[in-house]
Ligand code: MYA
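Starting off, we have a lone chain in the form predicted alone, written out as structure tokens.
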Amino acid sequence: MREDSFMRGLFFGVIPEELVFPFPELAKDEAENVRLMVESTRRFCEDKVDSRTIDASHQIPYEVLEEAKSLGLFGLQIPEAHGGLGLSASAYSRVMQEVASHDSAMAVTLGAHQSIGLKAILLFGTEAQKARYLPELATGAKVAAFALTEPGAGSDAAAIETRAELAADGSHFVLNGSKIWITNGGYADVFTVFARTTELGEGKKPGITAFIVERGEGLRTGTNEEKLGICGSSTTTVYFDDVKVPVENVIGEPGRGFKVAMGVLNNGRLGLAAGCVGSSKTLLRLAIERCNERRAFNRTIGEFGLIKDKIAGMLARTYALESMTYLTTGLIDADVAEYSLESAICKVFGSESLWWVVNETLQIAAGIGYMKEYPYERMLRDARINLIFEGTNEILRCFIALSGMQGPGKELAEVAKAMREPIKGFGLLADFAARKVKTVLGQERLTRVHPMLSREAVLLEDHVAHLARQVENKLRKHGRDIAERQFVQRRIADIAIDLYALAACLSRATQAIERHGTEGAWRHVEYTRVFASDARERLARNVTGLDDNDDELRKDVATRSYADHGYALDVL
């Protein structure tokens, strides 16, 4: 398993292009199987999944879920040895993209089962746990849910209060507490539950532990929550009252549940990003149909410049999202171990791109976009949850920045130590100095991008250098206090997000040009250029804003408003 990380390299000013070139693709045999799977999924959704009815009735019909199970949609990534289809990460994401292009509630239900619900068993479970649970989860005979969030522990997982006490005889844990907003909670049979454990035995540290918990005595669920969107999915509170959980149902190491949770979420975020690709493509189809049919001032609205600007931007962002999502799943399929930054970036960019696309589509639809008779308003409501799901975008921006800066921060600390003991630290100082000299003499250059995209390649190269310099500057300036500098973190994260999206576009477009020539790859080239043009403005603004901003003013304005309990002015 490879330990490389493309994004972690960028924070050092290094572009490890061998990780993203060539653009990954499915093996021929799997690609053919996935095409068949996607086609059968499309027919099923078109024939049986009525989004308007699901949204109005607040449930997915039983027979629809049963047919989804018969198609294998509940066991896409579970290995064939355990009764699933054994799809790769890329293949799984492509099927989930197809489901989401038809109905978000259906996609959320399947994703909560596979992307996060059973994922801990798949990634961290013992062979005995896999043999016991995965076969029934693969067929949908049992449905899974992921239970992490509590009233006082959402993004702050360390604040979990649900407790699991080891019984006196050491045979089981007794689980007490509750979890909120659990997708599939109303009918899940198997829950991945995270609880605080203290008495773990000699030599075991207290902490958060992950458990497989089956529905049974002491476990009950509340009624389905009334939600803004994804109304057909089940979202409930789950209560644990002296639930006995056998010790063999601990997932991973006792007290190391946080690692399990992060591993699941890192992987699961890509299913969400793929779903955003599917929804964005559906919205683009609807928007372009509206452009061609709606007329104003004796011509179709699609002929107007401001509408064309919207469509071009939507196409480019969707292309970037699709490219970065499947670049990242390709990293997983290539057995690259570290992809947490890339996964978080896909989730943030995907959810915000879809929100922008659905808003622009509704604007193009105009009056009918606001009416329940048409799909636009439902799709807007459904899209909003993605900015909150699986880590809010604010928290993930902090994670992207702080996690990316961790390597350079550690290096600076080691260099400072080595300077105090130059003989012992000679090797480290020499390597650091050599890299600095290289940076001064000439920044990292891309060698695999097609010459047609050289201008866009230079944009990436220049801003990788800017990122590395700004990271070092801010670490030197703020030291450990960087953890509290969220305005800095946001700008660093936004630079990193645009750089990864741009790298994915360049890789995919280069591959298309090399395979199909310039005429056959014109869409790839144009979408990349439009995205790069938009990204250029954002990157410049974020780089400038790191040193020239009104951050302190904004903090003061907000702080004073807390004492005012709101907006304190009036014209009267």
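Just count from 1 along the sequence shown to find any residue number. This structure is a prediction, so every number in the text was calculated from the model and none was measured.
Separately, the form predicted together with this ligand exists; it is not shown, and the next lines address it.
K.L.:
In the model of the complex, does Ile307 have a heavy atom within 4.5 Å of this ligand?
P.N.:
Result no; Ile307 lies far from this ligand in the model of the complex.
K.L.:
Would you please decide whether Gly391 lies within 4.5 angstroms of this ligand in the model of the complex, comparing each non-hydrogen atom pair?
P.N.:
Gly391 belongs to the contact set for this ligand.
K.L.:
Under a 4.5 Å heavy atom criterion, is Tyr239 part of the interface with this ligand in the model of the complex?
P.N.:
Close contact is absent here: in the model of the complex, Tyr239 is far from this ligand, nothing within 4.5 Å, heavy atoms only.
K.L.:
Can you tell me whether Leu265 touches this ligand? I mean in the model of the complex, with a 4.5 angstroms heavy atom cut-off.
P.N.:
Yes, Leu265 sits close enough to this ligand in the model of the complex that at least one of its heavy atoms falls within 4.5 Å.
K.L.:
Going by heavy atoms within 4.5 Å, which of 446-454, 103-111, 165-173, 321-329 lines up against this ligand in the model of the complex?
P.N.:
Stretch with heavy atoms near the partner: 103-111.
K.L.:
If you check Ala195, Ile116, Cys231, Ala138 against this ligand in the model of the complex, which one has a heavy atom within 4.5 Å?
P.N.:
Flagged contact: Ile116.
K.L.:
Which of Thr183, Thr361, Gln77, Thr209 has a heavy atom within 4.5 Å of this ligand in the model of the complex?
P.N.:
So the residue touching this ligand in the model of the complex, by this definition, is Thr183.
K.L.:
For 253-271: residues with a non-hydrogen atom within 4.5 angstroms of this ligand in the model of the complex?
P.N.:
The stretch 253-271, when checked against this ligand in the model of the complex, contributes Phe258, Lys259, Met262, Leu265, Asn266, Arg269, Gly271 at the 4.5 Å heavy-atom cut-off.
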